[in-house]
Each structure stands twice: as structure tokens, then as C-alpha cells.
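A lone chain, given as C-alpha cells: the form predicted on its own.
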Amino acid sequence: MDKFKHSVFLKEENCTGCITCLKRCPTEAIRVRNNKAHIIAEFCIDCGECIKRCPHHAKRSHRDHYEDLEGTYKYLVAIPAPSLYSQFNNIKDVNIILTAILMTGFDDVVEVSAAAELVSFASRKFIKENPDKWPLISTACPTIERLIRVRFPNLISHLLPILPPMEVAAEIARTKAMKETGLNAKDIGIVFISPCPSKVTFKNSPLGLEKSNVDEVIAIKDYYPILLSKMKEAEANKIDGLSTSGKIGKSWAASGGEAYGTGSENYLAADGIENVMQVLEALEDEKFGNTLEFVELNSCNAGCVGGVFTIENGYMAKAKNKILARNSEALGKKYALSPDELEEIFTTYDHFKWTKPVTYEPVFRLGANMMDSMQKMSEVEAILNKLPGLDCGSCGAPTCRALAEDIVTNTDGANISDCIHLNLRNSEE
């Protein structure tokens, strides 16, 4: 089993042993033992839900920092996520933000939203050409890919095998920089300005390709103060033409935007990890049949605008995103490229497809093989019959079943005596 280089981690000295994170983790990847939380790496999908929920800021995320980039590369290119644009108030022209990015020290800027339009067009063609795979599930959110990979293996064949906009933008940015500067690829740093920790994990352990085209991932919330300090100057000295994306690309920042870009009328869009889990369970149970063409799923509430690394409230940012997208449409920019230019690019679109298959990772299997798993399942059921079934989390596991599984698999030294309700019952007897 290959190991992800996870971005989410625990800062142990901040952890008080409360079970807030334990109860909100969608894959039951957290345990609390000896008054400290512990993340089971194989189960973690880097959704960042624990970072959002921890009242003591004990859950953190590894990422790169803008301050550390100086001198690392000869030429730096920023590729901002579309969600960056909606973090500011009263911005009607994205060129102001892109100008400010250049003023902070980047040599060039290439919009991920422009690459999103290329991905939209590639997705549209793939969906149309592969009705036998309906509903096709978006792969733009790395957390969703990992969730399906470990929890919903029957849905892997429905994953849309198209690279995410971040990767397409990075490749475009590097090719452009090499052509304009004559530098070697390794001398050019491609820096993604990210709304979430999931993209950090994807950079380190990509799905669908061997190696990420992105060199560094910095958080919007870290970079925001630096960028904000340049906004007034950027407004006065705005460089027109930096923004090339239209309504389609900018709409990707919020839930429903990717589906809109595919042009499909038979789609489902859901955001928020708990809602996503319910949709995936329904898809696995084939409740939708083949009536849906496309399913867009975002682990963060409201979409990428609600990511852990953002500043603005996700739903406020979503409202701002709609205004920016409408402004682009009012300027006659639905796509950055004309339909004829898009058709010319997509005579063949193999360049946008995965180069490596995504495979099932059976991290939740109890035993080494089917026979062993069946035996352990019987042991789990026997232990469950003794437990109260309250799923209170006081034992340090999120549910009674999780505790029983931990006992059988000897995870973190779990013991049936960890159940305080069972201990109380036994003492009363």
C-alpha cells in the first residue's frame, strides 16, 4: 500500500483530549488515548474537518510559506485558486488582485480559473463520449478522490479521469515561463495559492499522475496579509489583461460551478463532507441509476471558497464569487477562449487525462485476507453485544463499533475497559 504524505497533523501540546475532532471526522481516523488525540494516517483523507472543529487549534496543516521562497528558484510563477478572488470586498476587476500578486514579488501569474475552463471542456467531451460510465464523479477535490479510494471502491470506475485545474495551470505556467525566459524547468517555481490542505497532500502524493506539476503550495490565509498590503497600490497601477478567465472558470470556486462548466442539465452538486458522504452512499446503493450524468462533490461547505485556508465565510465568499462571475459574463467572457479555439485544442484531449490509474486502498479491512477478516468480524460482533451502543466517544473511539474494531485489531492498546458506561454498569452489579 502506498503512503500519502499527509498535510494534516496534530500539535500535541495544544491537545486537551476533548473529543470534538473525534466526533466530526468523516472516516473515523481519530482516536483519543491518554488524553491526547491521535490521527490514524491510513484513514485520514486530509479534509481539514478536524482543523475547523478543534477549539484548541491542536490540528494543523503542513504547507509551504511565501517567506521561504526567496532565492529558492530563479523565476516564480503564482497560480492562484479561483477562490482567492472572493476573499476581498468590493473587487470588481480581478486584474487588481493579479497585479497585487506580481507586486509581492512573483515574476508571473497564471490563473487556475483559466485552466478550469480547459478542464470543463475536456470534462464535457468525456461525459458525452462515455455514457456507460454515468454518473461520472468530479475529481477536482483531492479529498473526494481519497474518500472514494478508501471507502467506496465500487465508485472508482465512475471517477472522471481528468486532471484537476491546478495541475493543468501548473503545466501551462511552466511551459510559458520556459519559453519566455529560456530557463530550465527546475529553475522555475510554480506556486499554488490554495484554499485547503488537501491540495498540499495532492502536491506531495498526487492521484492520477506520477508527479505533480506544482512545486509549492501556500495557504490563502498566510499570503492574504501580504497581498492585502499591496491592493491599494495595485488598484492605482492595475495591469489590464492579466485575467483571461471568464464566467465558467471563476464559477469553479463555489459549489455547482464545475457542474455548470460541463453544460450538463442532469447533474448533482453537493458540498460539506457530511452531505458528500450521504451522496456517495446513495450512489453506491445505485439509488440514482443512470439518470445523472455528472456528480460534483466538494468536501468544504460552499465549495473551495469555504476551505480551511480561506479568510472569508464560505457562503459570503460564494455570494461574492457569483458577482465576479456575472461581471465576467457581462464583459462577454464566458470562456477565456472562443468555441473555435477550444475545439482546436480538444481535437485530442489525452493531454488532460490521468496518466496513472486510481486504485482501491483497503485500509478499513480488518484482516490480512478474507478468511481473517471474517473471523475478526465475528469477534467485533461479540464485543459489540457487550457494549452499550451509545456511540458517546468517551472511550476515545468515535463509535462503539470503532472501539470493538480497535480491540480486535489491537489499535492503540484499546481495551473493553475503556468503555466508562460498561465499567459503571459492572460496578453497580
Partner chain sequence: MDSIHYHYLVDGEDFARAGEASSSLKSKLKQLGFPPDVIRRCSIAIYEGEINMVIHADGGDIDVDIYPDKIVMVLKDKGPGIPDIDLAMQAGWSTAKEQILSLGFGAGMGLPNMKKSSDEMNVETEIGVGTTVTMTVNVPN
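Being a predicted model, the structure only gives us computed values, none of them experimental. Numbering follows the first chain given and starts at 1.
FYI, the form predicted together with its partner chain isn't displayed, but the following is about it.
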Is it the case that R33, even though its partner is missing from this view, gets within 4.5 Å of its partner chain in the predicted bound form, heavy atoms only?
no
M377 near its partner chain in the predicted bound form, any heavy atom under 4.5 Å?
yes
Given that the partner is absent here, does I39 sit within 4.5 Å of its partner chain in the predicted bound form, heavy atoms only?
no
Is N154 close enough to touch its partner chain in the predicted bound form, meaning at least one heavy atom pair within 4.5 Å?
yes
One residue of E265, E210, E286, E274 in contact with its partner chain, assessed in the predicted bound form (non-hydrogen atom, 4.5 angstroms):
E286
Picking from R401, H62, K52, H56, the single residue whose non-hydrogen atoms come within 4.5 angstroms of its partner chain in the predicted bound form is R401
Choose one stretch from 177 to 185, 87 to 95, 286 to 294, 250 to 258: the one whose residues place a heavy atom within 4.5 angstroms of its partner chain in the predicted bound form.
286 to 294
Just give me the residues of 362 to 393, first to last, that have a heavy atom within 4.5 Å of its partner chain in the predicted bound form.
F364, R365, L366, M370, M371, S373, M374, Q375, M377, S378, E381
